[in-house]
Every structure is written in structure tokens, then in C-alpha cells.
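Given next, in C-alpha cells, is a single chain: the form predicted alone.
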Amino acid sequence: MTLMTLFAIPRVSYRAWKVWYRNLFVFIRTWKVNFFPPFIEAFLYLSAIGLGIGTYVGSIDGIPYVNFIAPAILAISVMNSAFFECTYGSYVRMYYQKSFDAMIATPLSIEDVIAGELLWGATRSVMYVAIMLPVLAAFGVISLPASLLAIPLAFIGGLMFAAIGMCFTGITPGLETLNYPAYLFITPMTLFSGTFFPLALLPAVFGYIAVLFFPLTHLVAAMRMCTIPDFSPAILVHLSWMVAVTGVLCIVSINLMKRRLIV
């Protein structure tokens, strides 16, 4: 695949929403299983790290530790829900369930199917954040109504990580090899993106790497500004970075999947 082909603008039609709706319908049918994890995840993070470790840490830059990690919990949930939905979830639908083959046999194009998958990954992130926000608000670790901005922010971040996940799905030789990006990319981002401690504590070179190459760094920073709240012009830099990267990765992911699905 040439660079021109990789970055060619895909032809996506309005029919992509049908793929989104199909995944939403399946999600709703199993809502009891799907809605419980983000609820309990927020509770466990706050209890174990925020209230547990937080009693020893105290505060960071004048912010109570539990308040410091609350937006990181939201950002990590956005990343995990979108990334794993568009890696393991999409791969299973493509390879084992043959759902992609069935959809492509209809007027839906390959581009429509993948675009619908990306939109669904972003939607799952929005759902998870919407479920977790009341839990964080009940603990008193976020500020309302400013924290409601985390919902549209979750869509941007979710679409970004959905596109990242779909890129890996487009090049992975098998389901088991998706463990490599999960452990070698997602796990380091979870730990070193300003989530549980400030980036300033890292050696300068690692801080630069986190800012330049870790998408979660920008999502965490933007989430933190919304939920504390502490708005500054820097939020525009983080949003611009995410929007630009998301646009490029959505194009690349659709073209990679198109190459994979066309035999």
C-alpha cells in the first residue's frame, strides 16, 4: 500500500449510521452486562487509589489527590472502551461472526462498515463517561456543571482511540497478536500520561515522549481542565492535537481495513 492510497479520503455515506445502530441494538440487548463495569470501575478506582493511596499523597499542586485522578479515571475509561471495542470487538465481528461480510453484501460499502464501527467505539466511550460521572459526582471529586463537558470530550477521545484500535485491527495477523498493542502501548499510556502523577516528575525526555506520542496525555489534560475545573488556553492545544490526529487516523484506519477486507 502506497502513501497515496493510505491517506486517500475514503468515500463514506450516510449508511454508516446503520452499522452504528446495529451495534447499539446488540449493546442494549445486553445492557445489564455492559452498564455495570463502568459503574463499578469508577467506584473501585476511587476507593483503592483515590481514598486509599490518596490519604498518603495528600494533594498535588494544591489539588486533593482523589480530585487529581478523577479525570484520569474518565480518560482511561474512554481509551479502554473505544480501543478494545475496535480491536477485539471488531476483529471478532469481522473474522469469527462474519458480520462484516454480511453487511458488505448489502448496499453498505466497506468504508461505511468501518466508519460505523469507529462511530460506535466513540459512542461507547460517551456511554461509559456518562455512567461514571454520577459516581464521581457522588464522591464529590468533580465540579458540576463544568464536568458535563467531559461527555462531548469523550466522543473526540473515543473516536481517536477507536481509530488507533482499528489501525491495529487492520494489520494484525490474528486475534492473539492484539495483545501486543494492548500491553506495549495502552498499558504504558495508562501509567505515564499524567494520570496518577504529574508529567513534571518524569525525566524530561520521557515527558516529551508522553506529550508528543501518547494521545492519552492530551485527553487527561483536557479532562482535568473540565472537571476541576481549571480552564486555560492550553486546552485549545490539547483539543487541536486530538482533532488533527483523529482525522488522520480515521482515514488511515478505514484504508487499512479496506485493504484487509478486499481479497
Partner chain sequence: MPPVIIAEELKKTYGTTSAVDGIHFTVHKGEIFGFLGPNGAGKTTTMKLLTCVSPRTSGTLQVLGMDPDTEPAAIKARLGIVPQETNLDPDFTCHANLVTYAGYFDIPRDQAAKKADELLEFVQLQDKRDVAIDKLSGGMKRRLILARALVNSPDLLILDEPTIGLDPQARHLIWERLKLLQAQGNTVVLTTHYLDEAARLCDRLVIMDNGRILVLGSPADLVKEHVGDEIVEVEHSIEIVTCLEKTGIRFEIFGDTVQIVTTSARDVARTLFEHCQPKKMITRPATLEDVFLKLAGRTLKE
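Because the structure is a prediction, the values reported are computed rather than measured. Residue numbers count along the first chain shown, from 1.
Below, we refer to the form predicted in complex with the partner chain, which is not included among the displayed structures.
Note on contacts: among 178, 76, 189, 103, the single residue with a heavy atom within 4.5 Å of the partner chain in the model of the complex is 103. At least one heavy atom of residue 107 is located within 4.5 Å of the partner chain in the model of the complex. Within 4.5 Å of some heavy atom of the partner chain in the model of the complex lies at least one heavy atom of residue 262. Though the partner is left out of this view, residue 51 does not reach within 4.5 Å of the partner chain in the model of the complex, counting heavy atoms only.
The partner chain in the model of the complex comes within 4.5 Å of no heavy atom belonging to residue 32.
The stretch among 90-98, 121-129, 148-156, 76-84 whose residues place heavy atoms within 4.5 Å of the partner chain in the model of the complex is 90-98.
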